[in-house]
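Below sits a lone chain in structure tokens, taken as the form predicted alone.
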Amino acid sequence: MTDWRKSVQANHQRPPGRPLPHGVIDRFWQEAAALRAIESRLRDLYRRWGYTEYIPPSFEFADTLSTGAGTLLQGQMYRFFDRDGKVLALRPDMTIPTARLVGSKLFDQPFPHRYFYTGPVFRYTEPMAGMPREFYQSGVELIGAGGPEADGEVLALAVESLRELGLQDFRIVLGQMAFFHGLLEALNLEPADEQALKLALDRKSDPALRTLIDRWGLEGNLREAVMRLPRLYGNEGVLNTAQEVALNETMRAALDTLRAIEKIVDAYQVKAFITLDLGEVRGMEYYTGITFEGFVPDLGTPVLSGGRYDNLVAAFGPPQPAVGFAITLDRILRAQHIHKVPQVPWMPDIIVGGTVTPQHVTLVQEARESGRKVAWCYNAHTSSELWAYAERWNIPKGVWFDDDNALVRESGNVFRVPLNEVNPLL
């Protein structure tokens, strides 16, 4: 929560009325302006990279949105009935609708497809870590390209997205689900044991891993591969170390892919922002290859997450490889505040008052057409009241019109000018 929101809430005496449902918030003033500025900057960035906007519906059939979502995400979906008794749900993410669009409607168009989106998603979770139950995402999906070049492009674009938003000190943690899937092939575990292994790796708990290994009776290379997996973290030498514990062709191919991706991100000059973590196995159930998350110092949760999901489009039509990411804009707002990223002004550049005549209106309209944000203050009956209003809202310039002249106040100084000389000052 930004300081201005705390201040408003601390000084606001709540009148009788209707409270909001738990987990949703009003967005106004600086927060609304900052959110829209983030969306605008990301839209411009994604268009420059050749991505086109997709606006998915806010709700669909629940079965559709459950496709590939996994148990956790399915449990977080807002479900409801329409008047025909069909079960609908609010979208819990944007990737599944994008896969549905391509698989069911655009499968006969030339590939690859590049889409970006921005808007609210809805998850029934306990509000925490700067993410309410209705939160905002922006992201991209690159569909129909399966090589390391596509992975490298999306990783580079993830880095550029955070830099575009004024963040310079961050880290993209890159994992590889295909490497982990190869390990599972070698272990040949029951589903419940696979889940237990994921939980232990998520906690990076050596005691939990040893307990599982002993229970399963693993020895030799299998035991070594499981125990070393959480330590396959960092940059230089990680892939060589991982090669030593690769048990089959699936694991070796996953490492070859990472080496190729490494060259691509190096070409984009973003390699310094990326850290490998082959023990990272969290993420959406639909991920099949690389996975990654973006972290900002002093913020304990990721601001960005993504990965490769080569099987999801096939649930809706002909199969297509795909990779993408989404940024949680609510957390970006917190990160910008923590790291003192300059915010966009949300009030007008100029406040005007006094008499409203055709000549005065023309001057104001000309200033607006030149790109300035100008508003009338009809409640100010004197220039002093107008100056006080401007100070209260940190509006840098005030103009008070009378019949033939104008008082202009800027930087604490007030001077009178003829009307025909006002326009250059606005």
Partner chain sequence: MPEHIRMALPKGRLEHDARQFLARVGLMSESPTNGRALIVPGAEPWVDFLLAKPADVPVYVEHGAADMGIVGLDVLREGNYDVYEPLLLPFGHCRLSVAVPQDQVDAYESLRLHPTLRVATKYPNLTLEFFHARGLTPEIIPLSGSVELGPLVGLADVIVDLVQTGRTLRENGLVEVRIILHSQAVLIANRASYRLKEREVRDIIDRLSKHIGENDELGGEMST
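Source: prediction; values computed, not measured. Residue numbers count along the first chain shown, from 1.
Beyond the structure shown, there is the form predicted together with the partner chain, which is absent from this document and is the topic of what follows.
Heavy atom within 4.5 Å of the partner chain in the predicted bound form - residue from R133, R252, R171, R223: Selected residue: R171.
Selected contact from T125, T301, T288, T257, since only one has a non-hydrogen atom within 4.5 angstroms of the partner chain in the predicted bound form: Only one listed residue qualifies here, and that residue is T301.
Non-hydrogen atom within 4.5 Å of the partner chain in the predicted bound form for each of T211, D277 and P297: So, yes: the whole triplet contacts the partner chain.
Residue stretch of 188-196, 257-265, 171-179, 99-107 approaching the partner chain in the predicted bound form, non-hydrogen atom distance within 4.5 Å: Among the candidates, contact is made by 171-179.
The partner chain contact at D202 in the predicted bound form, heavy atom, 4.5 Å: Taking the distances in the predicted bound form, the answer for D202 is yes, it comes within 4.5 Å of the partner chain.
Partner contact for D93 in the predicted bound form: the partner chain, 4.5 angstroms, heavy atom: Judged by the heavy-atom cut-off of 4.5 Å, D93 is well away from the partner chain in the predicted bound form.
Partner contact for R231 in the predicted bound form: the partner chain, 4.5 angstroms, heavy atom: The answer is yes: R231 has a heavy atom within 4.5 Å of the partner chain.
The partner chain contact at E153 in the predicted bound form, heavy atom, 4.5 Å: Close contact is absent here: in the predicted bound form, E153 is far from the partner chain, nothing within 4.5 Å, heavy atoms only.
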